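The data below hold one chain only, encoded as structure tokens and taken in the form predicted on its own.
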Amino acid sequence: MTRQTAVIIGAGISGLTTAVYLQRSGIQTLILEKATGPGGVSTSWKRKGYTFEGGIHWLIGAKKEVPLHQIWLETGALQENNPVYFKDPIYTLVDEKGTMPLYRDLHGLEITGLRDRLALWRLRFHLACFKHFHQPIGDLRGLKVRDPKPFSAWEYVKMLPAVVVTPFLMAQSARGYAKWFKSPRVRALLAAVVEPDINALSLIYTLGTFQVGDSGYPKGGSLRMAQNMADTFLRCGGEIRYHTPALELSVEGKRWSVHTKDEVFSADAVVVSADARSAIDTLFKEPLQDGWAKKMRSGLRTTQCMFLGVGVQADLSTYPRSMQIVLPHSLEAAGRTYKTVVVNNYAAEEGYAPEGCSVITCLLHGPTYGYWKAAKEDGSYVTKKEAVTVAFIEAVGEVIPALRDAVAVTDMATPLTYERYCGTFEGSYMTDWPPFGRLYHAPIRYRYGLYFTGQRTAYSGGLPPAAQSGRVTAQTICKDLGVEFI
């Protein structure tokens, strides 16, 4: 009997997850990746001996008791070479008054007056509602599974409190939720957890994962985790071809083919793990005009950022690991004004910098794709990137003097950088999910033999939806091909 085959476009987290499960299940799988290594948007890179973490800031499913943890184990994402560190405090506010930590159990917040006490009680109540909430990991009905993962009715019952309060949380922004607190310092600290303009459900869910002891940082970050998954796939007998971008998809009968510059790959199943929003316009001979594609094209809102990394010839281990810094003077960057910035300090991470040195990174969120695209077109792109880097160092250097006095290396990525290297639509790493906002998803099975996977197929984005969608996609393919899922 001829062995069934699959081709996956993209070696991001969802593509790797799909690939590992397919290969384990006996389907010979090939990954085509345009970049030089695995991980997609969840990546990190080195510059002159300094490592810049561009993906993971915390990993949901790091706690062994969380169902998602099993996916990270089965795909090889978490191994002995990347034990998880559970930081506490989560963030620390740094302003003219000093510091204020945000601990996992919320103690230590600046609470003054009845209004703040009521706001804190409300926050604790909502977190309690999410104590037993988790993203279900089950199996498709009718699929033959070697190791079934049944999801009991009792699990749904325990999650009912979260379901009850979800509409209330989705009806307001994280910024609006934080305004229940009178203290501007508490408001600023909560703004560090998720983007303030997305719905408050994201804020409560994220804080809830911290409070139950989940969401840790795996040693080695994105680079090691993605490489672990790639190595697991290769050990199972799979193949990855880097520097091999997919240019077009075609179909003959029910069999789909992937066209690259030099070859055509046909398979029983083809999986688009590349950004679905970009794929519907670029991977097909004619842009897709299905109803879901039209809705995604017109309604999807993207979460964009500018990434800044600085290697410093100084030991910054006395500073908190993750800081929400209230800047003494605002930072002007790409036509936007930033009064606060979240800075991640990797001084305590082994191997991220030469001995006695440190690395800090920062994501400046905001819709700047249009700004940078115009700069690219008029030739000012490089100059404007340098200006943002200088402005960032000057602004944050007022709080961390070593940032101005001992800079060894800098690096900056714009939405155009993410678009170029990762192929993401408008250089985004997530789908924006504002209050009352709708999410427009691609289907897991588009047509027989062609599938989508990744963050554009479920939720708003991030590593958990990427991994979950990869597993569901693999199960869908196994079911369609009559293969036992392993």
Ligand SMILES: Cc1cc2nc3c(=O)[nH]c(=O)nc-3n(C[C@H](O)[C@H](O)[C@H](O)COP(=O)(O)OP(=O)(O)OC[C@H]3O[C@@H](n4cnc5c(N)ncnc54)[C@H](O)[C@@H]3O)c2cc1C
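Heads up: residue numbers just count along the shown sequence, starting at 1. Treat the numbers as computed from the prediction; the structure is a model and nothing was measured.
Below, we refer to the form predicted together with the ligand, which is not included among the displayed structures.
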(request) Considering only heavy atoms, tell me if Trp433 and the ligand come within 4.5 Å of each other in the model of the complex. (result) no
(request) Please run the contact check for Ala466 against the ligand in the model of the complex: heavy atoms, 4.5 angstroms, yes or no? (result) yes
(request) Flag Ser257 as yes or no: does it have a non-hydrogen atom within 4.5 angstroms of any non-hydrogen atom of the ligand in the model of the complex? (result) no
(message) Can you tell me whether Thr473 touches the ligand? I mean in the model of the complex, with a 4.5 angstroms heavy atom cut-off.
(response) no
(request) Just give me the single entry in Ala442, Cys422, Ile27, Ala62 that has a non-hydrogen atom within 4.5 angstroms of the ligand in the model of the complex. (result) Cys422
(request) Tell me, out of Gln135, Thr302, Thr244, Thr166, which residue has a non-hydrogen atom within 4.5 angstroms of the ligand in the model of the complex. (result) Thr244
(request) Would you mind checking 9-34 for residues with a heavy atom within 4.5 Å of the ligand in the model of the complex? (result) Ile9, Gly10, Ala11, Gly12, Ile13, Ser14, Gly15, Leu32, Glu33, Lys34
